[in-house]
Each structure stands twice: as structure tokens, then as C-alpha cells.
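Below you'll find only one chain, the form predicted alone, shown as C-alpha cells.
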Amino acid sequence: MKEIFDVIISGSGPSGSILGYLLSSSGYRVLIIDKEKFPRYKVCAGGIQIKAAGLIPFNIDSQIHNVIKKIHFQRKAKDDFLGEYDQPLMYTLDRPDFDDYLVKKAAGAGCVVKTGEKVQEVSAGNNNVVVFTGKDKYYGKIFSGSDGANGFSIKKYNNYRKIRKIIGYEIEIPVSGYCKKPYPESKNIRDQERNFALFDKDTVVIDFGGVKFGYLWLFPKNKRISAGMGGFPEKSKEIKKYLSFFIRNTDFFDINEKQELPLHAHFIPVRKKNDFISSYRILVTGDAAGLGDGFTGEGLHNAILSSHIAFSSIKEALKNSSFEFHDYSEMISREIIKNIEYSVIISKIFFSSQYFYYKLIKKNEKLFKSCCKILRGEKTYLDVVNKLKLIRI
């Protein structure tokens, strides 16, 4: 006799695993399918914002490498300044280990997890959904596409059309320790007082100007630095060139000019108005829903938040045997998509006048703190825009 799951989830990244955990913990029968076997390599800077960590329904202390309170800003590897906040801004972690931890939490809550299987097709009928993989077929009441920026769901349900994306390149560089690299000597007392370690474990580095629309990042982990850069896909050659140049010319990294840099690429989808979000018995979460931040490229917060919204909507659907998911679309639009729209607009404004806004953040501590409040989840893009009256949208 065939088993019918309440929910079948494609993808066991953060949005899929956390949705599975929430549902299984509430007594629902859940199947998670993923094409990869865990732990698996995941291209990611490895930063999780405080607001995202706060949405995880269990303790993740064992996964945290460093607590970030400082941002070392640069423009074309010069014009440095240090921004420091009095509370943590984010944590750094190792995504392969972190994602594996989340999968195990979901399994521990009761999820059936099948890895090494790829969802190839989904059929939604009046009474159920049928999910076909290369190995088997599975029956459920609801299908959640949580399989990322390059997975089955984002392609299938957007009719294989082109999706708006940011591209990122990254490399993990081993280091033997974290060293001091203070500001150059300066007569400016403010600079002298703010000498700091370029790669302190509580500091991330953000470098603007290497490409017009994009930025470079360095995130400290345990014995490694995640070095990466993101921007528009059409600027991919420029992004790779500047990232390689930056790494080779940073004293901290012991890399010679001829040494090959194995850069890994990944996409962050940033949804447009008509991108797919739900239909009868089907919904999508996280990157599969295109929920990347249009300014920072960050995706974990919206991915995890979408899982909570999906959990609430799925409970109502199963309770009432009503599977249209109009409420899910409305909640995603209200809680996430509006902020993404503002993030895209602010990105265009900032990067179009990058030098001006960079100097403004450098000189205006109030603006820097407002940015920190966005990172922490205390403010939205709209809140800051209205308060500072920098722009009107």
C-alpha cells in the first residue's frame, strides 16, 4: 500500500530542513528529498544575520564560528574605515556543516529524509501530488519546492524562463591565524584610536568599487577566510578578475601570482513581480521563490522566514482541506517581497552614486547604525529610508 505524506519537500537546505522540522515537530508526516548526500559543499560566504538566527527553532551555538560586531569598509582596497556596533551583527559558520546539522534536526523531529535522489517531475491532482525521482515516485498532499536557485522548482514553475539573479564567486582560503594589520600611520587622532586587526575574528571586510554594481567580502571562520565577490552576471569576468587581484595583493594571504585560484560560482535569485510563488497543492520557499536580498545578496533570513510562513499556511491547508495557498502568497508578499523591492531600488541608488554614499556612511555614524539595524532585523529598508529621508520611493 502506498504511503501518503502530508508534505513532500524538495531540497534539504535551510528553508527545506526548517520547514520539515516545524511540520514534523507538529505531528505531520513529511518527506524531504535532496539530490545531494550530506554533508555537501555549499558555496556561501557563511554569514548568518542575527535576525535569521533568531528564527531558527532550535539552538545553533555548536555551529557558530565567530560573532561579528565590526565591519571594515574599503573602497578599491583603500580609503579604509572601521564601523563598530555595540551588539552582534551576524555570526559566521560553515555551510556544509550547518546544512548537515539542519537536515539531522529535521530527521530527528521525524522527517523521512532521502538524499541522493533528484526530483524530476511533480504532478498535482485533485486528491494528491505525485513526485517522481530517478529512483521512485512518492505521494503527498502538498509539495514544497525548497531546492534552491538552480533546482527543479524555480525552473519548472517559472516555465524555464530567465530569472533575475546576482552572481557570486567565492574561495575558502586556509589561514594559520588572525594577524594584526593596523591603519597606516596618520596624524588624524580618530584614525590612530581606531587601529584594528584587518582579520580580527569579530570583523568582516566589505570592499566596494571593484565593479560598479557589486562588492567584495571577507568573512572569518575557524582557520579559514571566505573570500568572495558578487554582482550582475554580465560582469562575471570583471568580478573574477578583481577578486583574484584582491586576494593576490592582500598581504594576509600567502598566494603567489601564478597559483591557481579555484573560484566557485553561485547564483542568488532576486524575484520579480510575476515570479512563481504558489498554486494548487504547491508552494515554493527560499531561493526557489527568488527571495534573495537585492542589495546585499543575503538569502538565509528570507529563506527561513518563508519556511515559517509556509508552515503556518500548510497547517491551515491541511486543517481545512483547502490547498490554493492564496494566504501564503499574500503573506510572502507582505512580509518579504515588499522589502525585496525596496532592496533592489536602494541597490540601484547606492551603486549608481557609490562614492557619494560610501563617503556618507563613512562620515555619518547615524547612517552606519541604521545599516546595522537593518542587518540585525531591527529595521527594514523602508524604515531607514523614511527616517533619514535620503530618498523617496
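Residue numbers here begin at 1 and follow the sequence given. None of these values were measured; they are calculated from a predicted model.
One more form of this protein exists, namely the form predicted together with a small molecule; it is left out here, but the text below deals with it.
J.: For the interface check, one of 67 to 75, 319 to 327, 167 to 175, 200 to 208 should have non-hydrogen atoms within 4.5 Å of the small molecule in the predicted complex; which one?
T.: Every other range fails; the passing one is 167 to 175.
J.: Is the gap between W217 and the small molecule in the predicted complex 4.5 Å or less for some heavy atom pair?
T.: Result yes; W217 sits at the interface with the small molecule in the predicted complex.
J.: Considering only heavy atoms, tell me if I33 and the small molecule come within 4.5 Å of each other in the predicted complex.
T.: Flag for I33 set to yes.
J.: Is there any non-hydrogen atom of C44 lying within 4.5 Å of the small molecule in the predicted complex?
T.: C44: contacts the small molecule in the predicted complex.
J.: Could you confirm whether Y157 comes within 4.5 Å of the small molecule in the predicted complex, counting heavy atoms only?
T.: Heavy-atom contact with the small molecule at 4.5 Å: absent for Y157.
J.: So which of F81, F152, F232, Y85 reaches within 4.5 angstroms of the small molecule in the predicted complex, heavy atom to heavy atom?
T.: For this set of options, the contacting one is F152.
J.: Which one of K141, R224, K104, H266 is close to the small molecule in the predicted complex, taking close to mean a heavy atom within 4.5 Å?
T.: Checked against the cut-off, the match is H266.
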